[in-house]
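Given next, in structure tokens, is a single chain: the form predicted on its own.
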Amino acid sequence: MRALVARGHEVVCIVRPRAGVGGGLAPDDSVRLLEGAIVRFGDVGDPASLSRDGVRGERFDAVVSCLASRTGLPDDAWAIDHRANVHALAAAQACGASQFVLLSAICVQKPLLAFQFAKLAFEKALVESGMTYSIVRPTAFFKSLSGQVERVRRGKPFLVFGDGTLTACKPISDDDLAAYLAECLDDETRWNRVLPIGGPGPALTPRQQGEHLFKLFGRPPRFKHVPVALLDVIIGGLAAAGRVVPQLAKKAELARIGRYYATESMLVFDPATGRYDSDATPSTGSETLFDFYARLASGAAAPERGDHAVF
């Protein structure tokens, strides 16, 4: 939102009446956080509310959708990543908008999970809609890679799967990603394209992230290696128990999501070679993950990790 306002756009934000992690933000909180924009409250899962409370019969030029399910569980994913975006697309067409910018995810390149298939289903609907579109697929966010900062600060080992080099990503900051999304409205080279994007600098493995944190806190590196096979055992047990206890089936799906991120890189995937390619993954912005770690270590930043927190 700030990136759009800074570029001179008149911005209307449609948000939940109770937004934020766990619905902890009241309407007044959202208005303060979204200063500079017109804030309207509605239910993006309800097309009638979207039209009545959000669009209000007005004309818009473009829609930027950052809708994403909180958990990635199948019901949540199909309700938000797919259906809510379908409602937003219909509302965009009804209000005269000619352009749609979608925040997707780079992991949909190799789909195995419900939320990935839901995102892909909407991407397809958007491409076929006839609107000018930009589908932005970012790599890992800083907040998703900051869960072990406090562990290291307290002298605990850094947890890695395997040897800590199974995966890599080009982390991107919220501000750099926001700028990239906002620029899609005016940069014609980004129109009608799927756009993978990472942050500045080389791709980083979890081991490199841990090594930097230990150096930042002046501690010798200590790693605890978790075998991926352990995740398979957990998933199998939860899935079996989930046939009797539905809540455990949900935990099994969350464990599958965890396994995916433990074993798949967040980089451009080359289906011809079956490998992830750091060099083929574009970069944008100026803030690095290690810059962010330094701000966390100094207390200048505190990430909001929310429903996706693992460690």
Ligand SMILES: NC(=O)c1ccc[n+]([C@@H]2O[C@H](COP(=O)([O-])OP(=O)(O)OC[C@H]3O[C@@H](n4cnc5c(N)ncnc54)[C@H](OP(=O)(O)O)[C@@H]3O)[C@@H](O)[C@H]2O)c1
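Treat the numbers as computed from the prediction; the structure is a model and nothing was measured. Residue numbers here begin at 1 and follow the sequence given.
Missing here is the form predicted in complex with the named molecule; even so, the following discussion is about that form.
- Only one of 214-222, 231-239, 160-168, 69-77 places residue heavy atoms within 4.5 angstroms of the named molecule in the model of the complex, namely 69-77.
- Between the named molecule and the residues Q209, S104, S146, S134, the one pair within 4.5 Å by heavy atoms in the model of the complex involves S104.
- A heavy atom within 4.5 Å of the named molecule in the model of the complex is found for exactly one of F141, Y180, F100, F122: F141.
- Contact check for R18: a heavy atom falls within 4.5 Å of the named molecule in the model of the complex.
- Although the partner is absent from this view, V44 contacts the named molecule in the model of the complex, with a non-hydrogen atom inside 4.5 angstroms.
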